[in-house]
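Next up: just one chain, as structure tokens, the form predicted alone.
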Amino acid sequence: MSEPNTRSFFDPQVVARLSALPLTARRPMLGSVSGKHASPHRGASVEFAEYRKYVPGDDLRRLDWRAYGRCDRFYVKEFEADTNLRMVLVVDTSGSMDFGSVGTTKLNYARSVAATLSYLAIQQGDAVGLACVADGIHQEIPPRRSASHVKTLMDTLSGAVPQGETGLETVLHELAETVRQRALIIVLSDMFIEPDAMRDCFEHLRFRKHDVSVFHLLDPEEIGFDFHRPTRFLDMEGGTAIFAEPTEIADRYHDALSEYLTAVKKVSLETAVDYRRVIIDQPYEKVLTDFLVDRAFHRGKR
């Protein structure tokens, strides 16, 4: 179900409505310039951190004269630092992402989410990178924060072609090693990966101090399995087709799906990943609103 290579996935009106909500990290970030995210270092924000004994060379303007009046010793006031972040969007472009029964595909839904988050992040001064992945990393755009970088990201998303098998396990391990520490990594995928392998990937990313979010994209037909006549099921990643009577396999399908989704949820909770199961008939604006509000509530603590 391929779609025309256009930018219909980007809606400026949705961006305008979401622009009042900040995109925040849940963990301290190591940015290159001042921004809206907590940093593990001391800096010049308005949020007080601690007192420190004066040492020669400190800026005399930071001396606390009230503390000197109370204890006859020099102390310097230190404040928390705020910084920008690096966000890396990992968009699954494997063959299964070309499926959709509600007028759009999982890949096009991922494009809308990725494009909107990219614009919002760059608008608030953050750097955004992109990796289009299937059986490997097919395209990789390093994080940048210039306004002109938005066009590069949109062009890459627009040109992404859904094909090939899913190699998400290998890709996430590779990104864990190659993306610099303390990035916000957002995965947009149908997550065709075993829960145990998923756990290893998430733990690897967390070990590298990345803040990880996952949008698990599912089609309503994958959840409901609402078929009533003998049907030929195609593997969109090149596997063998299966001709089956749906009523005979529906119970086993629902049991297997429920077991898988429960395992995925458990892995996400145990690895502290921000996991979101998304059915692609949901408006992506509502999904992103919930995402941004939850993140603002759980803003990174130093």
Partner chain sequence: MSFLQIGMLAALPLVLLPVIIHLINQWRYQTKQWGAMMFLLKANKMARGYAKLRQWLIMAARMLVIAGLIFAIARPLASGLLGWSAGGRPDTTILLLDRSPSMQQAGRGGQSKLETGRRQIADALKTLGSTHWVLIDSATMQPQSFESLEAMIDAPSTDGTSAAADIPGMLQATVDYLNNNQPGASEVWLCSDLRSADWQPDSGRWKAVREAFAKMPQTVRFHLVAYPESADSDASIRVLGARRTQAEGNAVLLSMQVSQSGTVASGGMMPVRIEIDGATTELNVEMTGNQVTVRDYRVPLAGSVDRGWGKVSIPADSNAADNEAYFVFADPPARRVVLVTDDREASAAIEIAAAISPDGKSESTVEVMAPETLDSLVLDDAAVLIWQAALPDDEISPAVKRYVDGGGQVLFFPPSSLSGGLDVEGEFLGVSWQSWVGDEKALVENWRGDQDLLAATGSGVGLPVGQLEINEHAKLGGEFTQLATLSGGDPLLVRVPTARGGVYFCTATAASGQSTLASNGIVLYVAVQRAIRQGLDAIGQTGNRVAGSTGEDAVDEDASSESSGAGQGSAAEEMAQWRQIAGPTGVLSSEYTYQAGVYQATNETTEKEQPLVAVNRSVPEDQRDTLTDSQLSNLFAGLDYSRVDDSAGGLEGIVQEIWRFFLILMIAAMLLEALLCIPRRRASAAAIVGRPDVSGFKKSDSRSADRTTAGSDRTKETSAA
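Positions refer to the first chain, counted from 1. None of the values given here were measured: they were computed from a predicted structure.
In what follows, reference is made to the form predicted in complex with the partner chain, a form of this protein that is not presented.
Within 4.5 Å of some heavy atom of the partner chain in the predicted complex lies at least one heavy atom of Ile193.
Contact check for Asp294: a heavy atom falls within 4.5 Å of the partner chain in the predicted complex. Residue contact check for Ile223: one or more of its heavy atoms lie within 4.5 Å of the partner chain in the predicted complex. Using a 4.5 angstroms limit between non-hydrogen atoms, Tyr275 touches the partner chain in the predicted complex.
Heavy atoms within 4.5 Å of the partner chain in the predicted complex are found in exactly one of 150-158, 92-100, 167-175, 110-118, that being 92-100.
Shown here without the partner chain, the chain has no residue in 103-140 lying with a heavy atom within 4.5 Å of that partner in the predicted complex.
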